[in-house]
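Same protein, same chain, two forms; see structure 1 and structure 2 below, as structure tokens.
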Structure 1
């Protein structure tokens, strides 16, 4: 019988360690000069655009993390681990930035730290109570009504058309946590109200729910995209990224310049966290991302219009280019503070008054 001695065991172990260590050395590559940064981004075309932007520089290497659910879904995760949250920047919009500012998580930005901000209209930059710039805008997108021309039984021209019986089960409508509930503001505007007086909008929403025309209530971006792509529904109220992919393959009519169908604009951008060690590298990458060239790349791939005044707006985003007259006529700029403060109350109102009718 072969006996294994302690000496043999130790020799075997030493040999194994040696092979592992020295064998492994062969595969060790020279250390990369790039600084690693962890970024939270939207999936699909947005992260594809950001990866392309990453490829165009070599100073920062990004560890991509994707949003799961709405832009607010990341907030509890950050709060639970703060100040040890491991995100250098989080892509978001006014809604999520507002919450982050209230929690005092963000580092203020200036033209000194992000020089390309000089080419971004200052009016649009999100500020805190002291007027400090708290996020870096990169693009604007729209939230508006749209439909697929090839399968819609009717031509959508006004909000009243949503009640047409031929659209039974054919409308995809945003759920209570989507689009900042601007869909209710849109209905309110149609019925003579606004974001401060949404009662007319809720009354109209109830009527719409009762028609049975809402076939799907979208709770994630994918819901909207797949529902419209598959033909399950033919139209509804969408935010820009939900339509970008669909519009590449199907004739999507974006109703951004129709009287009576309001368009809302939102900015997407970067919130930079102050607890992270690689702040300088993050600022450098963000600055690179909003340069004129990279803004154009982003617009082309992600389908959001560039905010950098020196960047080129692709033809596919002409529906988001407004003359000053068109801006007055079609675009509604709500009081975002009111909209954001009402999110909780509106969500509950949806659950109490609308959900039982669907």
Structure 2
């Protein structure tokens, strides 16, 4: 984990958004001024968005800590120190949330404790076996194939195109700590398997590694963004925030509605931890973060579509808007419990079978 200090304020249109601080908090008592909360977030535009949200209130001061690798990579670190939690909230998604719920680390949330949850679709809220709400969603993003149209030697239309010789060294591919290894599930689906039968995906992964087309293995969000921005690579498999900054300057083709190229949707949100002294301040900040105004700010900067129904969705995120028919046709919803349970085995398989070929 890498701890960082506050960066300079990100400039842009979002800076002009007006905010009402911690309005309508119901039964939550106000936190004292500048209460310190330790929060785990991703880097790049995601943490920039959250710093902008922090700047638009004065009740809480955030001690920012960055994820290293995928969100699931933090689970062993937390387990090693439990029950002495080091973090007030940890940003994550369905996969990592399910792991935290199994360990019974999290504080349940309700509309009473996080009032803005009333404007979040309930069906997307992660629940435990008893139906309790166990995480606070803030936005929805995608994990999918994409490429830069201006520099790619070919038009990517299918997974088979990844094997084209013209893409030698031009593909950026996630490492084993990225994207919950859904890249292997995507290959497995193409080859007739799924998350429960990934052997076809591993066979295809091995063939792709042997082509030499993978020029960069991404370990952090910055790896993906820098590689695509610099033109070192032209395309690959990405999660939403990794493309946001690139798409502001270059023509990025997001392949979210192409048959044969599965897109995985995920929610980004907050897991709030037990055994922490500043629970009320954490709940207040989380509630502030998912307000309509701050949800719009987050969407503009981080590049994930807001879940608050009263927030404005930028035109730049229309690729994440699906009709029910499109959802059935293009979006694949994996068994996240299976995906999570297989992380260690899949990581070892990557290191033993794939890494030596790269």
Partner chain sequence: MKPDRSSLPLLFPAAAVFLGFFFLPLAGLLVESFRLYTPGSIGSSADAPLTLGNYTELKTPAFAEFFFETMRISFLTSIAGLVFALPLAHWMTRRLPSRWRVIAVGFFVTLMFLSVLVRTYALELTFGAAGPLRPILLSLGISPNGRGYIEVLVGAGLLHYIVPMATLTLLGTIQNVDPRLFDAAQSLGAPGWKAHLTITLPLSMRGLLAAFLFAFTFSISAFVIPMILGKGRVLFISNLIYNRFSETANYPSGAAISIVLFVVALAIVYVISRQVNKRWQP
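Keep in mind the model is a prediction, meaning the values are calculated, not measured. So that the term is clear: the rigid core is the largest set of C-alpha atoms that superpose within 1.5 Å between two forms. Residue numbers count along the first chain shown, from 1.
Structures 1 and 2, same chain in two forms; the form predicted on its own is found in structure 2. Of the two rigid parts that describe the chain's movement between structure 1 and structure 2, a single one contains both residue 225 and residue 261. A two-part rigid motion is described between structure 1 and structure 2, in which the smaller part turns by 13 degrees against the larger.
Here the two forms are laid over each other by their core, and the C-alpha of residue 78 is off by 4.3 Å between structure 1 and structure 2.
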